[in-house]
Every structure is written in C-alpha cells, then in structure tokens.
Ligand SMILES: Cc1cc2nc3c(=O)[nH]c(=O)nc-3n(C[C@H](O)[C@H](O)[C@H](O)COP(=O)(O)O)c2cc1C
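First, one chain by itself in structure tokens, the form predicted alone.
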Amino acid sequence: MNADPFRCISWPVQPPLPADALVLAPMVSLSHRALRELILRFGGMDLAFTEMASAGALVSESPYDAWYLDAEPEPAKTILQFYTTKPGRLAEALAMVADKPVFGVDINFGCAAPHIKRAGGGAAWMREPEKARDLVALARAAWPRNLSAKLRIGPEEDYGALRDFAQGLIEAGIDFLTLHPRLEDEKFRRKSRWDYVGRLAAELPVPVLGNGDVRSFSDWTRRRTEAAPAGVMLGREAVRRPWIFALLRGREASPDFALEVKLRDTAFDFLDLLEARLPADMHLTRARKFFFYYADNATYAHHLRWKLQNAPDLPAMRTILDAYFEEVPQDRVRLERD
C-alpha cells in the first residue's frame, strides 16, 4: 500500500449518494452552519454543501476558512467545497480536513466570480480540461472518501466539450457531479438549461445532480421528469424559504400536504443561530445576505428588506422585525403548499 501521508487514516466504506437527493447548494456568505441548522430543524434535506472555501487560504491559516468549513451539526450530511488555483494547495488542504467525518469533498469548477477566474480558480479550470483532470487525480490520491465536482456548461454552448470535460473528471476519480446548467458568464436572469443535466445524467457512468431554477414543488417534479437527475440542488430558494425541503418531501408523500410556517419565529431563530455559531465580525454581513432573500415572504417585502439591509447590527434587526410583525400580524404565520 502507498505510504502517502494523505492515506494514513482508515475510513469505513463511504455511503452512496442518497436516492433522489435534495441538496443545499454551496453559496458564499449563505451556506454556513447557522443556515444549515435552521433548515435541518424543518427537515427534508439529504445533504448540504458548505460555503466555498479557498484551499490556499486554509493552508495559509486564514482566520475565516475554519468557519467556512464548519461541518456541524451533521457532518455525515455535509460536503466541504473547495476552490483552488494550485493543485498542490488542494492536496494540502485535504490533508488538513482529513479528520472531519464528513460525507465528502467537492471541487468547484463553476464559480464565475471575476477575481476567482482571473486567479485561475473556479470556472477557469473548464478552459483547461487536462489540467482539471490532473487536479482531480491529485485530489483523489489525497482524499479516500466521496469526491465530487460542481461545474457549469462552460464558456460556450458546446455539449460535447462539457461531456468530455466531465468524463475526464470521472476517469480521474470523481464519484458524482453537479451541473449548474448556465454558461460561465451568465447570471441568474437567464433560465438554466436542464436538458444539459438530462443528457449528462443519461450518458455518464456516475450520478449527476442538477442545480438551478427550482423554486416550488411543481418545478421540482418537472425537473425530475424531464432530466431524471440523481438529485436536485437548491440554492437561493432554500434561503428564501428554509422549509422548502420539508415542503417538497411532504408534498411528495401527500398531494394535500401543507406546512404551517412561523415567519416571525424563523427570522428570530436564524439570528439566534447566527450569534451562536459564527464569529461576531460575520454576523452583520451574513444576516443582511439572508434577509435579502427571506424578506420576500413579507407582504411589504421591499419595505422590510430596505430596513434590514440598512440596520447597523443584529439588535437593530430584531427591533425592526418586532415592529414589522406587530404592524403586520397576518405575516407572522403562513400556510405553505407549493
């Protein structure tokens, strides 16, 4: 057996991807422990990604990446996501998280943020398929458990190039992958192309998950029927409605299912979790990011969002929320069906 130090820990056989998985997407400033705990209280979520972390920053002992990679409260349902610009840094980072009993590690090949791409990370790897394959092979040698990749269509609409890129990753050792079916530089205004998910799912020998534009039970059922993915990943809708996974599973079990949601209590629960689980200098940015989406549940969403985005701290946010739900009591509790 290879004496590689990355393989010094003996792990049990890794669990397979849950059937028809519902998965929380990796979202910067959003997919942190506080949000994951809030969602888990409602139930229905099979797996969750952490925020995207920089392998280089972790190796350089950044004060924040340990928080980004906090896999609690259910590590066995959590996937650590990394982006890297240098293969060696990823291998070093994997050695540093080797003792975390997580479901797996994901390599980001889809982030299109300009500063990430300019540095050679995220979607930049899709322009260099051979180097991406070598990166996965190095990660596979360093990480004996579940290894996945998240990618976009690529710089242009070329299904053959996408399939070949994905096939190269699989040959290098990827266990499953997630496709966000938009082009490298497309924003959310452009509809995701789930036909790409369906074609990959039908042709590739590993499970393929789809991510994009799933906001309701009807969206979920349509995507499953059209593309037959191994699972569906939700991002912003899970921030807007942290109970969405529970709602989908409930509707799947019974067409008459409805979920009573306490909007006020959920908002306060999130703030409590944020204070308990993240360092103080992350509180305000994470709260503003969360409420940018969560405020959509309010009758007067624009009014509430503006106030919360301009609040100077969490106590001020609590005051704003208290005042709003006092003035609009009908928003405190809602029955969700779709």
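Bear in mind that the values here come from a model prediction, so they are computed numbers and not experimental data. We number the residues from 1 along the sequence you see.
One more form of this protein should be noted, the form predicted in complex with the ligand, which is absent from this view; the next part is about it.
Contact with the ligand in the predicted complex, judged by any heavy atom within 4.5 Å, is made by just one of Arg223, Arg241, His180, Arg251: His180. Out of the listed residues Gly154, Gly231, Gly121, Gly212, Gly212 is the one that sits within 4.5 Å of the ligand in the predicted complex by at least one heavy atom. Looking at Trp67, you'd find every heavy atom of it more than 4.5 angstroms from the ligand in the predicted complex. Within 4.5 Å of any heavy atom of the ligand in the predicted complex lies no heavy atom of Ala301.
Not displayed here, the ligand is kept clear of Ala280 by more than 4.5 Å at the level of heavy atoms in the predicted complex. The closest heavy atom approach of Leu284 to the ligand in the predicted complex falls outside 4.5 Å. The partner is not drawn, yet in the predicted complex one stretch among 307 to 315, 271 to 279, 56 to 64, 23 to 31 has residues with heavy atoms inside 4.5 Å of the ligand: 23 to 31.
If you take 290 to 319 and check each residue for a heavy atom within 4.5 Å of the ligand in the predicted complex, you get just Tyr293.
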